[in-house]
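Here we start with a single chain on its own, the form predicted alone, put down as structure tokens.
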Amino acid sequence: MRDDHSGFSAVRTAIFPVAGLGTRFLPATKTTPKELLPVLDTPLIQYAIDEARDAGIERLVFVSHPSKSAIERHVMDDAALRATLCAKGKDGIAARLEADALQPGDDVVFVMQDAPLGLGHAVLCARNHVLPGPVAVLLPDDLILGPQGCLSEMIAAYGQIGAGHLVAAEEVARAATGSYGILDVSRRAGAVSSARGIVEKPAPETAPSTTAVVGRYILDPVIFSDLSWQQAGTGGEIQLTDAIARGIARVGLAGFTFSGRRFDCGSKAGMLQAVLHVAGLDPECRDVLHGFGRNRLVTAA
């Protein structure tokens, strides 16, 4: 593990792995990428983009698939659409679309992952497009909502932890460890859990802890060389977890417990929870939810 905290440079690049097929949401994702599924009225990918921009990220790299061109259409500004909306007197929504969109002058890259070879392979696809220094990786289907963005919190802590790899972490039920990468924690200090290892999807009886890795990472650039040597693992895929484990002895690893609430929007139940949570914050939708709750009570009676 590194001892010189001053050696950590700024996190300037964010990688968004968005090439997955979204099979758990078929048939909805047959034509609509899962990253464009809305939480109420905002697509998942927009939350991730906003989180990265709020954290001061300079370059956004989207690792996509040729069949998912709709992602680029959403991400980039559509001046013609905005002009049509304005002509119809819908200036408000046109202004929102412009604020959300990335502009032609922004530092944004799209690179294709033609084969589904895993998260590690997706990150490796971005290798030639990242700026110098550590890189952030955001998985859009892990929606994290809070007063401060998860990535902003992680970047603020990164230079102080003495580890080149920092992963977002949260406690899960022991029965759920088989669905996550799990940290082998050596020491805890506030929001930071130093780790001597990481195990991909361990059985509950063999899991070294219940501290699970979720979809935000800040990774030392050594990750790219480690991924280039990484052999395919579970499911014939190149696992990011395995490459992170390979670099622990050289750069160190820590988990960061973020303050926000995470929703696993890669699952139907998690997406429903996210929609209900966001709807509960909207006055118009809140009335609908309350009415639905009252109707259910009447029916049950």
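In this text, residue numbers run from 1 along the sequence as written. Please read these numbers as outputs of a predicted model, since none were measured by experiment.
Below, we turn to the form predicted in complex with a small molecule, even though it does not appear here.
- In terms of contact with the small molecule in the predicted bound form, the residue from 154, 214, 97, 192 that brings a heavy atom within 4.5 Å is 214.
- A heavy atom within 4.5 Å of the small molecule in the predicted bound form is found for one listed residue only; from 46, 273, 29, 241, this is 241.
- Heavy atoms within 4.5 Å of the small molecule in the predicted bound form belong, among the stretches 218 to 226, 137 to 145, 97 to 105, 121 to 129, to residues of 137 to 145.
- Looking at residue 262, you'd find a heavy atom of it within 4.5 angstroms of the small molecule in the predicted bound form.
- When contacts are judged by a 4.5 Å heavy atom cut-off, residue 77 does not count as touching the small molecule in the predicted bound form.
- Contact between residue 158 and the small molecule in the predicted bound form is not found at the 4.5 Å heavy atom cutoff.
- In the predicted bound form, at least one heavy atom of residue 181 sits within 4.5 Å of the small molecule.
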